[in-house]
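The chain below stands alone, shown as structure tokens; this is the form predicted on its own.
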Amino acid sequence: MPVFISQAPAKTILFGEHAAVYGFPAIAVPLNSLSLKVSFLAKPDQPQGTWMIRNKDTGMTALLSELPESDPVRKIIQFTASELNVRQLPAAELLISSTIPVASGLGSSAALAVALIRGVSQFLGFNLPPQRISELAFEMEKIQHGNPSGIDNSVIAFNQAIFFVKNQSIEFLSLKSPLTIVLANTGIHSLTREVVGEVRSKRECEPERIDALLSEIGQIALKAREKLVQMDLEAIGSLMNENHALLQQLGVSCPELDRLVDTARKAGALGAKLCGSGKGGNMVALTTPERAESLQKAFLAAGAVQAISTEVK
């Protein structure tokens, strides 16, 4: 019996972390070199509703009905079935595997939601468009993270570079040529919900200062959109540096991220900044194809637990 596969990429935010939550512009790109995959195998010999879930990365094997109510896989599958008005699921076995580091700012939770929603719907005979998949994944992201911007589910569901403003139509960006970036992982797990909550608390205490920082970050994203269209790599890198400085002032960086950003610049990167919610996870550096390998080595020497070079198209 054939296996059906649904896949979703990772993502990185090039500009606009945290600002996007409050309606300021941001730019995000998919990372197809990292992905989450869900394989579906029908089990017609099993009773209806029997869904065996296997997670290759965690080693977990359990029936869907045995997973805790709070488990994201259970929530996403049940939510999708309810959205499609399917009351009885045909028996199946699901295998989840991923190369996306969790709690590292690369969209692992949104990738899980998108891959599962798309996969479950198609396995059940439906063909949801990317916009609807993104909307449903956003509902799951709200449960996971409290007050997300919606940028992660959007860039992952459409698998295309986007200029994003909350509650506005997405603008797709067409890059004239690929961008070479290197991601370096601090190895520190950081929960988006907690860091977003910290920024919200700061904003409640110091609304003028925090809003000014968020507005500046949004203005950088606006400038970066123009520079990306022009493929002005020097300007893009400089704007990444400015963005990181503002995120430092926002209080969402950490010594490990700052060390890797500094390493990137000393090793010849065009620009570097944290990516995702911060307080750990990954940073992203813009470079040339010729310098990518040396940059990876520099990151690992500086304490990164992983350094990945990839192209963004």
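One rule holds for the numbers: they count along the sequence shown, beginning at 1. Note that the structure is predicted; figures quoted are calculated from it, not measured.
Although it is not shown, the form predicted in complex with a small molecule is what the next lines describe.
In the model of the complex, N282 stays away from the small molecule, with no heavy atom inside 4.5 Å.
When contacts are judged by a 4.5 Å heavy atom cut-off, S277 counts as touching the small molecule in the model of the complex. By the criterion of a heavy atom within 4.5 Å, P101 is excluded from the residues contacting the small molecule in the model of the complex.
Interface membership of V182, defined by any non-hydrogen atom within 4.5 Å of the small molecule in the model of the complex, is ruled out. With the partner omitted here, the residue from M240, A221, I151, I117 that has a non-hydrogen atom within 4.5 angstroms of the small molecule in the model of the complex is I151. By the 4.5 Å heavy atom rule, the three marked residues L14, A264 and K273 all fail to count as contacting the small molecule in the model of the complex. Heavy atoms within 4.5 Å of the small molecule in the model of the complex belong, among the stretches 223-231, 151-159, 201-209, 69-77, to residues of 151-159.
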